[in-house]
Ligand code: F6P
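Below you'll find only one chain, the form predicted alone, shown as structure tokens.
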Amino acid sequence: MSPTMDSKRLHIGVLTGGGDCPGLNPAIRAVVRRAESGGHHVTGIMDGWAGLANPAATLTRPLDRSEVRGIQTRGGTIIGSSRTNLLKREGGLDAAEASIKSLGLDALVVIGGDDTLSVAAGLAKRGAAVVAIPKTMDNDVWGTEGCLGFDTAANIVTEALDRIQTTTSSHHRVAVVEVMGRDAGWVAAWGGLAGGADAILVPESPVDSAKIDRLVELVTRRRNYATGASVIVVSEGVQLPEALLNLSGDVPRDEFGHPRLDKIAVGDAIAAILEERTGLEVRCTRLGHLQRGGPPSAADRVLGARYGVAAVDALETGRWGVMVALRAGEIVEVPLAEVGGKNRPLDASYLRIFDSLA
């Protein structure tokens, strides 16, 4: 890639990596429209890093205004995605560089979470002109206060709790609602607080026997309230003692070494514990991929537009090796070298709020 990009017409590649979520298409649309306004053109790399890893078979999609018209209303990503770790594949970064060269790309916009961005940081370290956009419904990319997909996910959890509250109250049940959040509890915190959850369990606060005792006391005490119902929100990444999980065999892992949380079912484990210890009827609802499907919220559409424009702005003026980020309402740039491999945990102040409202 060229070391100087001022006043040059650029061929920009764009890819999305990791799990899909609402907000990706608005960002892609903004990248394309801003690029065309500057006289540049854009090629979509299909299926993330997996699509860039084989120079002989890289699938691409030319992107112009007509291709991205109206996609801000759609969830997912029109260029596909994958969970692919080129850092752990022998020659992975070499293959990506070869594809970039064979495609004639001057620059690359990478949209993804901390795993995807760790690969982007590896390419940037080699001198590639890379600018990243933070995306994860977990909202835990280090260096930014806002990730694409989070607002929509929190809204979906809130709506689900509004619905679960009514049926749980009608039958005087206890409901455990498992939501996404591998390493951080942002989705559980925002969705749970907005939806009026009676307790919220997050990865930042491991669940030990003392916390289980407090949950048992909470749902037992609430049995004497008007509806006799309780709703507990649980992040899928909450840490439980292994003896309580009832796992059979090794848990499958993805290319980044993360356990497949859909195979652990921490919500089911907590529901079983509460039912056994209280004698109450406890139901578990796992919202799963409902949280990452469907159209993006207004906030995710606007954030995608802001990030997409900022990414091309950075490339156009030769500021690469950065991630565009949201801080105090402003779009800033953070060195990619500082981002990869880190997480932004839930602010500790939320834990005090949970305790205050229990």
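One-based numbering along the sequence shown. Being a predicted model, the structure only gives us computed values, none of them experimental.
Beyond the structure shown, there is the form predicted together with 6-O-phosphono-beta-D-fructofuranose, which is absent from this document and is the topic of what follows.
The three residues 83, 137 and 181 all sit with a heavy atom within 4.5 Å of 6-O-phosphono-beta-D-fructofuranose in the predicted complex. Contact with 6-O-phosphono-beta-D-fructofuranose in the predicted complex, judged as any non-hydrogen atom within 4.5 angstroms, is confined among 322-330, 44-52, 60-68, 288-296 to 288-296. In the predicted complex, residue 236 approaches 6-O-phosphono-beta-D-fructofuranose with a heavy atom inside 4.5 Å.
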